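The data below hold one chain only, encoded as structure tokens and taken in the form predicted alone.
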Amino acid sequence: MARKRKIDVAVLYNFLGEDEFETLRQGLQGGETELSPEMAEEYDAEAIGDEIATVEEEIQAVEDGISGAGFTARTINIKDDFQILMQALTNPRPDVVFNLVEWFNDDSWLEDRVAALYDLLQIPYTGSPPVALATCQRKDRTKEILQANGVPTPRFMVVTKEPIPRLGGLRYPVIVKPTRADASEGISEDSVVENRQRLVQQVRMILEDYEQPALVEEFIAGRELGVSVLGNDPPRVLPLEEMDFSELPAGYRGIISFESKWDPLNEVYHKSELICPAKVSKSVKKRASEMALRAYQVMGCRDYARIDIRLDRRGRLYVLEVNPNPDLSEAVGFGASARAGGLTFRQTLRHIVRSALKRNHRQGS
């Protein structure tokens, strides 16, 4: 009897240039990169280097996990090249694409177009469809949809140009963000402002440096929760996680800034601790789970997503952002929640691939 052919999974990603994390790790381990005097008192440079994961390592982990889950996996870096992308999709044609492409032509706004190409070629792929990817990239549009569907989100306004208007009905403090940036880009401790002067400075910085509208949102002081959702029929809410900011130096607001996510040479990167499952009451867990599930559904997400939620000091919950196709690394939000929910990395990847395979266009599903 002939052996059954394994499902062929093409893991597609897009990367060009030098891996900054690989360079940083080599510098820390080799002594070329030095820590600041303040950091050096508390941290060891070589140890920090050991903790840094490179792009290649993260992609390899996904490939190994998919192979370990019983599929045939092959990884293709499309290198911002349409011909390589088409080759990966047609010769040979994969059974399913594991979609890790987040930009094209050096433009994150083309992320949804790549997913649309998979649809055009009728190739099943993991993660959210083009409309959800495009909509969730716009923080202002996401909030409008959440509000229209009864999902609480902080009050906000959008500033597209100068002169910068007054807050109107909003109250200080507010947080100023780019409307169309991802992964905490453009968010720092300076983003939270208490007065008109600082508001003008931050909004002007977004308009000029990021060349896009600024989202001005009431800042919700409190706890930062993440709620991950897996699957579709029905979707499953995984255990909540919390980013604990209690060890941050005095004066820090406790926000997930760009530095806290991506800069191992900054102390805030090391002072924020992921706790999963989050230590919250049953009531908060239930309400946050229901809110995240509602956000997942109204934004059109599928397969897997992560919803950022704030819990204020009066116990009220607010959705900040909806993140389709989040980072799958085992040590961070979605991966930690899946593990707390009893799923191994391989099991999580198998679930995501199987969800995509159910949408096999050639089978009419």
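Quick note: we count residues from 1 along the sequence shown, nothing fancier. Because the structure is predicted, anything quoted here is derived from the model rather than measured.
The form predicted together with a small molecule is left out here; the points below concern that form.
Work out which of Leu117, Met205, Ala181, Ile164 lies within 4.5 Å of the small molecule in the predicted complex, going by heavy atoms. For this set of options, the contacting one is Ala181.
Partner-contacting position among Arg294, Arg198, Lys261, Arg113 - heavy atom within 4.5 Å of the small molecule in the predicted complex: Here the answer is residue option Lys261.
Is there any non-hydrogen atom of Pro154 lying within 4.5 Å of the small molecule in the predicted complex? It does: once the small molecule is placed as it appears in the predicted complex, Pro154 has a heavy atom within 4.5 Å of it.
Report whether the minimum heavy atom distance between Glu241 and the small molecule in the predicted complex is within 4.5 Å. No.
Taking the shortest heavy atom distance, is Glu58 within 4.5 Å of the small molecule in the predicted complex? It does not: once the small molecule is placed as it appears in the predicted complex, Glu58 has no heavy atom within 4.5 Å of it.
Could you tell me if Glu321 has a non-hydrogen atom within 4.5 Å of the small molecule in the predicted complex? Because a heavy atom of Glu321 falls inside 4.5 Å of the small molecule in the predicted complex, the answer is yes.
If the criterion is a non-hydrogen atom within 4.5 angstroms, does every one of Glu185, Phe219 and Glu224 touch the small molecule in the predicted complex? Every residue of the candidate spot has a heavy atom within 4.5 Å of the small molecule in the predicted complex.
Please determine, with the chain shown alone, which of 33 to 41, 63 to 71, 50 to 58, 321 to 329 has non-hydrogen atoms within 4.5 Å of the small molecule in the predicted complex. Selected stretch: 321 to 329.
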